[in-house]
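Only one chain comes next, encoded as structure tokens, the form predicted on its own.
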Amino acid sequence: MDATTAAKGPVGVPGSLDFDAVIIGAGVAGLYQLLTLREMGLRVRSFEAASGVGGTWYWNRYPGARFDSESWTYGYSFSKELMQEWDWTEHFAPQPETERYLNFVADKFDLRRDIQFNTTVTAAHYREDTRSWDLTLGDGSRVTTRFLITAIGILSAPTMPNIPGIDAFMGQSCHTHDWPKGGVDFAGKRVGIIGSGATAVQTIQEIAKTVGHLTIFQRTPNWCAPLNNGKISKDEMDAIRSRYPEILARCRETPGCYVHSTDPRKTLDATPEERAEFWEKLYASPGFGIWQGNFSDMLSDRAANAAASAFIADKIRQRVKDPVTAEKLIPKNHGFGTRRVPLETNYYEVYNQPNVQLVDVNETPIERVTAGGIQTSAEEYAFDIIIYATGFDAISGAFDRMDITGVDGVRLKDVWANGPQTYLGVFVEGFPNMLMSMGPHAGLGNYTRTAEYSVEWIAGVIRHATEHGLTRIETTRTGVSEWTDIVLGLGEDQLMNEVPSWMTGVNHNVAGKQVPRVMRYSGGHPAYRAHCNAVAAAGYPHLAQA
């Protein structure tokens, strides 16, 4: 969809509601959603909790934060002019560069004038009498809108661990999501970090360069693979820019919208020598190739996955000098790629440093945080700084933190108590005029690539309503039932849907979220787009329209 395309005017009676559409969030999806709806002539407002744009790339300022998908595949594609104007400096851009990029986008398209910063939406209640949403903001004020679009991200609800005494610590501490804008000085400091997921991996490999001593508290190790990042010269950027049509076409045809696609061969059909050569090549290549570009059955066949896992395990043993530490860093409860693979730069080599210690909390659990550090069942560790890299209540967590009620006051949190139920990952039965950008059961992947499609499809629905004078759109029970069955069916042969992780909605620090659930569409983004496009072409069946 071209950002300059205009449609007909506002929905409903002008002035009867504060806005035609409200967007929660001004991150990657929220910014583009604001642009699409504003260019349709709607009265639209975005509410953003932060003081600036960027979403994930505003909040996550921890050391080492960066892309794990190629920068030049992550930027927006809706504006050819924008693509020609922006130069990426690294193949996998660091957080400050990505935040600058999103600020550049906001300024180029004059988006800030319709964004209200430092504003949380605490409640959203549907009103049947006016076919509208009544929103309560953090300061207690209220606004009304015909359509409510959630662009709240899939990793935006950070969670702290359930450990007694966190408030007792007298030193400096923070969650990686809420990193101080001014940064943290680690030089010579005694630092403890709790967690071993992607944010922990990025943080650890960076702060290990300057800390006095670093202690890492690990519950579940993750399979990590080399990022193999590099700078982008001006000539290379010019070459990338000339290939944008080819790059974007490639992303559209791959399951995860990355430049990597699975090898058609079966793992065990290749000889051991062929497998080793193929995996060595992937291990030395940039990005997610070893996850997204592996043999076609690596994520669905247990024997195939075990072979790939053994290869990565050997790499860890080669890179970590102490064999006991190496074994602790090799996952035993899940196979390679069945969780999102953290990409790293010399992460495993950190454990060869004499000032770095790994503590397995399965052997010696953390009992409490003390005034001076962390007490485990074995000993107390003294720290100047504690970092909580304890992740997020992913995908549905940000919804749970708002009081969202639909028809007859039914709470969304109750509807989703046993897992999300949606239509196309966009609609929820009983919640008219609420549309979720990148919601549960949608097609996820390379974020901007998938978010752009979600935004454009939602804009198409609202354009349909505008052109037909509709003031109420709601999915039917049949639509939800059929889509949920499709999503669950596609997830049945995927090993990753059996594994506790944020991708399956598991968070051990959130009540009721200890059991893996299918949280996303697993059929690949091309198939997801084909399904959604067919729905739009057919006039949106399974949507009650009035």
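What you see is a predicted model; the values in this text were computed from it and never measured. The first residue of the sequence shown is number 1, and the count goes up from there.
The next section is about a form of this same protein that is not shown, the form predicted together with a small molecule.
- Shown here without its partner, the chain carries Leu299, Asn446 and Arg520, none of which come within 4.5 Å of the small molecule in the predicted bound form through any heavy atom.
- Using a 4.5 angstroms threshold between heavy atoms, Asn162 counts as touching the small molecule in the predicted bound form.
- Using a 4.5 angstroms threshold between heavy atoms, Trp59 stays clear of the small molecule in the predicted bound form.
- With a 4.5 Å cutoff on heavy atoms, Leu424 does not count as touching the small molecule in the predicted bound form; it lies far away.
- Although the partner is absent here, Arg219 is a contact residue: one of its heavy atoms lies within 4.5 angstroms of the small molecule in the predicted bound form.
- The stretch among 136-144, 339-347, 304-312, 462-470 whose residues place heavy atoms within 4.5 Å of the small molecule in the predicted bound form is 339-347.
- Proximity to the small molecule in the predicted bound form, defined as a heavy atom within 4.5 Å, holds among Val191, Met436, Ile290, Ala200 only for Ala200.
- For the residues Ile385, Val105, Ala389, Ala124, the 4.5 Å heavy atom test against the small molecule in the predicted bound form is passed only by Ala389.
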